[in-house]
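Below you'll find only one chain, the form predicted alone, shown as structure tokens.
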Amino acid sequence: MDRFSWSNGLLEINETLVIQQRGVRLYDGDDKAKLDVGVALLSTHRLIWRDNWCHSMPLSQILLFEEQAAGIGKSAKIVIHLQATPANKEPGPYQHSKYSFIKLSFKEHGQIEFYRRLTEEMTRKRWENTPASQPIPIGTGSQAGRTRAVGIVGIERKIEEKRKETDKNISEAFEDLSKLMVKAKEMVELSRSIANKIKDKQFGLRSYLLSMGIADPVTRETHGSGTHYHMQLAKQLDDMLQAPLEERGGMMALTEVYCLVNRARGMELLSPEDLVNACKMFESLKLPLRLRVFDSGVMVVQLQSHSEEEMIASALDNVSDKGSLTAEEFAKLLGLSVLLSKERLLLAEKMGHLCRDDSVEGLRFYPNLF
């Protein structure tokens, strides 16, 4: 550190700024210098360090330098080894140092580019070809070098520069705060929008449950277990399935009933076994619904008023009108599932009203003319 001399931070004639980096701390050897974190400037002739005060060192004082990688809790550094202190050195912040090297600690990164530019300058040695101290012609006379700002004027200028930099930092901080407030407003609006959507969905689900007659679903916790539970569940199924069955032609597959009921019950899901046991009680409770099992094993829930003769007549009429039908075509005509449509056609075939043609094109039903 005793190689540094006081400076006003201004560049000399023929001296060019190469790079500057903020957030740099100086080390006197392995010890931290009693200085604030400042700005390191590299010119073609000097290494300059500036915070509240400014001091510099000629590049010709550098013997060699090396990088020191960052570690846990430690910043990356550049270690600069120096020649002996010259006898004619100007005064600086340190009059004597026990170390022959300094360190530049980069708190805000940038050490890679700074090291590269320092390597270039030490290789080119431009300070030897273009000395910085050149006379400046003024009128008829001349004055060697540049005029240094010293004494009260220099101190006042440093204070003014510090004040301007502080004002700039405060302005930037308020700009960042304004941007944060804008983002905060957007986040508040987003949270309100999400809350409203959740509220609408909850209201819609509640309305759906009420429309299907399940404002208070039957559960094992409220109605016990065993036969009593299945009886109460059967009565609730009767209340809620009347309208859906009428809309679907009086018959629904048990799998479709299972999905419809559990969608309406929300979190109080019903097991397939409990649904089947409840549906088996429709007849014993004399409810207007029945559980039916076709020969193929397909289970359906149908209205008691939905007669088998009506299903057979509907199948025969549609097949006769179209000449022939597959289960898929019959399903489109009646708006039923393909599974139930096929069962109706098979029932009409069983009763002798339809006959089939089972080919590579699929199963097709025709009127039985025999």
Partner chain sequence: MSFEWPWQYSFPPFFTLQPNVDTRQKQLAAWCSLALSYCRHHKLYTLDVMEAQESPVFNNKKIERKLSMEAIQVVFEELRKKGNLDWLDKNKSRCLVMWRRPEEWGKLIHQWVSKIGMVNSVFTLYELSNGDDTEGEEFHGLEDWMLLRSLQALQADGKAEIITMDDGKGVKFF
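Positions refer to the first chain, counted from 1. From a predicted model like this one, the values you see are computed outputs, not experimental measurements.
This next part talks about the form predicted in complex with its partner chain, which is not shown.
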State yes or no: in the model of the complex, is some non-hydrogen atom of residue 355 no more than 4.5 angstroms from a non-hydrogen atom of its partner chain? yes
Hey, in the model of the complex, does residue 22 get a heavy atom within 4.5 angstroms of its partner chain? no
Although the partner isn't part of this model, could you tell me whether residue 11 comes within 4.5 Å of its partner chain in the model of the complex, counting any heavy atom of the residue? no
Verify the contact flag for residue 16: yes if a non-hydrogen atom of it lies within 4.5 Å of a non-hydrogen atom of its partner chain in the model of the complex, no if not. no
Can you list, in sequence order, the residues from 347-366 that come within 4.5 Å of its partner chain in the model of the complex, counting heavy atoms only? 349, 350, 351, 352, 355, 356, 357, 358, 359, 361, 366
